[in-house]
Ligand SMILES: Cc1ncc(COP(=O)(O)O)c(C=O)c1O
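Given next, in structure tokens, is a single chain: the form predicted alone.
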Amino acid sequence: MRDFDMNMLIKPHLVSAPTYAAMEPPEILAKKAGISENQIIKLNGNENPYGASPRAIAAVKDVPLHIYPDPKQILIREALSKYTKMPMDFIVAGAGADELIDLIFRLFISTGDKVLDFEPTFGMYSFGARLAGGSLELVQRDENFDIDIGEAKKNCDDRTKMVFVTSPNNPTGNIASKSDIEELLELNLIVVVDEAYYEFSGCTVQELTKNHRNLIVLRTMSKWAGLAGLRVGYGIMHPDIARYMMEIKPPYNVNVAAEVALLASLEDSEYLLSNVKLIIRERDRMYNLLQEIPGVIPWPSKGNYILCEFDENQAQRVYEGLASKGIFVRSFGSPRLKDFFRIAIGTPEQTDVLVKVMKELV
């Protein structure tokens, strides 16, 4: 049998495409630390420490697994319409916001197109752009990690089709102003505002989708509703875009377990939002405690995490010291963040252990 070079048939831009730096699962983290899984403190994924709604957990137990989900997402979109107070035809659900990001690239980006993003930011945008054959232009945020509209305009050319803005930004935790978003919309690009942490910030530009056909707002049920393991998110956008998104998505993209969990979570939103308040309160407490540690600068955050800055070349040492004690936070490969890491907000008990160990390490 003659040699078969599969790489000759793969799309050239995918042969050496970089992968997204995903987190390792709890069992692997526990093995690395040499402790049992129930002993680790996992603060690297911005996950909800209080878990899902009891109603959602109960609903998943009784889901009919042999039935395909509704390809038109009628019940999902009706429930999200009621929750967001946006019309149903403005809403599309996906298998996590990650799938919606992928669909957006499929819809708008061809080989050679350019996407703008503000660095530091969430890594899935660069990953998705490269899979679609586009190129990512990283515009550096200013010294306060705010987006720089002037620099964004300078980096636009005839190949630029899209710009991403995360608000609150992951990992820096700050909000993009409505005026900045409106200015970006005037560039006649597709503007994607990722509001994955909306429930923790209370800030949204969703109303702008009614008058701007080029705006897409992304949300997720992973963070506030504790459904990260089921992968369910949604987008809010003008119906002109929503129709295309519904046409190109896989017909059964939101599985039945995710659907019933989403519906039950929205019915139990009062309970879930009370947990959001607990997380916000703990975020503020953690921020104050971290401020008291010499050599640590916590950045104010509107998400369920805090970005910490360290003296030069100290972040990795502290990161590794925490990991050796079974405490896992999130580091980044970005040169801009070489002296930083991000800590997700856990329970008060987890915060106390974290701060104690950090005091010993710094």
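The first residue of the shown sequence is 1; numbering continues from there. In this text the structure is predicted, and so the values were computed from the model without any measurement.
There is another form of the same protein, the form predicted in complex with the ligand; it is not shown, and what comes next is about it.
With the partner omitted here, the residue from Phe105, Tyr197, Phe118, Phe90 that has a non-hydrogen atom within 4.5 angstroms of the ligand in the predicted complex is Tyr197. With the partner omitted from this view, the residue of Ser265, Thr172, Gln73, Thr220 that lies near the ligand in the predicted complex is Thr220 [heavy atom within 4.5 Å]. The partner is not drawn, yet in the predicted complex one stretch among 119-127, 141-149, 257-265, 199-207 has residues with heavy atoms inside 4.5 Å of the ligand: 119-127. Although the ligand is omitted here, in the predicted complex all of Ala97, Thr166 and Arg231 have a heavy atom within 4.5 Å of it.
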